[in-house]
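A lone chain, given as structure tokens: the form predicted on its own.
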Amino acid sequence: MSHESDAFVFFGATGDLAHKKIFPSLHALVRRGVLDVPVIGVAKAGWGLDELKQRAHDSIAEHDDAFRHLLSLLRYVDGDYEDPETFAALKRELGGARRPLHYLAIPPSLFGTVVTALQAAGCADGARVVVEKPFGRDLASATRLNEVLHSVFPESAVFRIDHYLGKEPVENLAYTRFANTFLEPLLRREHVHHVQITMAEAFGVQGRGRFYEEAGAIRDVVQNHLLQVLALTAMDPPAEHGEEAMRDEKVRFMRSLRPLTPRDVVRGQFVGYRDEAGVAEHSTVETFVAVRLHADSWRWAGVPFLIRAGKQMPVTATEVVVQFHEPPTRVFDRGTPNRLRFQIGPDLRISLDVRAKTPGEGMTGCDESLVLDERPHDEMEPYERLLGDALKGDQQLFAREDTVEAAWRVVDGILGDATPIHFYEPGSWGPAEADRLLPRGAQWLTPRLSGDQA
């Protein structure tokens, strides 16, 4: 589909996600002139349009002309998702709209109910649907969800949103790789010793203990965010231009990854997690996970990919580090190996760690960092970018059915209590047991924040 949507419908309009992310993003889209169609909120809250407008007022800090125009676009339907009259009312609010975009900011358990009701009410013809993560809890449930969506919408009309893919630094990772000739020949087994991806969060579950008990770190960030980042780091160059070519290479790489087994996983839980509201007294849910992955391909054969993610870490930062092999012979003193670093958060920073001569008479060296790009936090929020793309029908930054299922295949065997829990202190880098995943002579690399020296 290449047409632009002529209405925006968001289910779950009274929820927390709408308050924190959707309303501010819609405001930004109106300000940029991207959004100028009816915006219809749907929820079961006993509200009317005035209450929805007040919710938007409370959500958006700047009440400028764009805000006032957004209010003029707002409509509201209050009703139960299992009541056909709710969708009949939605059909009336849509009026002459023939290409609506339906955003399901609701639990996945309701997807089937809503999409079936949209079809029955005549609201699905020519429409697109955006669905929130988590997209399933395992491979089997993700496959069932895809079947439910495809019973009403073709794959070309399905947009699986992952806000991480809307981040400017994540997009820049792929751009930097394929826009620079010198990089691409280096990113292969002949030159790369291993790759590390760290996603560290200095905070805990922030009152979301009940949610985290259902998710855990593997489902929350590894299966989606971090496997997608790994794919952008390691996939082959697309054979042609276009959004499908990029997504084809992503899934090709994802399918080359061996499914994880318990020996490639270490799970951890920070001390104090069990005291959080909504957390079971003897919970074995992981708040930290480290995994070691291998790809069965000529490009990456024998190269370990190491991913770790955790809460209550020393810093909040996400970084990809490609560590190169050391020189084959030792001509001068040996220092830190060359490393290519892609910092994804909190700011964008791309740098190359190199060895340079120390000024003076002796032939000794020091470690230096060549900064290729460095910018502050992206001004455009991920939801603004992604919803704008969905309105235009651009699927490039959205996960395709086969990619989602390939990612679940990788982690399916290590979900739940497949491996034991190791406790770690808040403010540490997780349990020491994670060190056993490292290749010989390697160590976990601390994310380098902007301004840090080599």
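The model shown is predicted, which means the values in this text are computed figures rather than measured ones. Each residue number is its position in the shown sequence, starting from 1.
We do not show the form predicted together with 6-O-phosphono-beta-D-glucopyranose, though everything after this point is about it.
When you look in the predicted complex, the only residue of Glu249, Glu384, Glu319, Glu201 with a non-hydrogen atom within 4.5 Å of 6-O-phosphono-beta-D-glucopyranose is Glu201.
Interface residue among Arg188, His193, Arg208, Lys91, judged by heavy atoms within 4.5 Å of 6-O-phosphono-beta-D-glucopyranose in the predicted complex: Arg208.
The stretch among 70-78, 92-100, 214-222, 250-258 whose residues place heavy atoms within 4.5 Å of 6-O-phosphono-beta-D-glucopyranose in the predicted complex is 214-222. Using a 4.5 angstroms threshold between heavy atoms, Lys133 counts as touching 6-O-phosphono-beta-D-glucopyranose in the predicted complex. Although the partner is absent here, Arg128 is not a contact residue: none of its heavy atoms lies within 4.5 angstroms of 6-O-phosphono-beta-D-glucopyranose in the predicted complex. Proximity of Tyr164 to 6-O-phosphono-beta-D-glucopyranose in the predicted complex falls within the 4.5 Å heavy atom cutoff. In the predicted complex, 6-O-phosphono-beta-D-glucopyranose sits beyond 4.5 Å of every heavy atom of Arg267.
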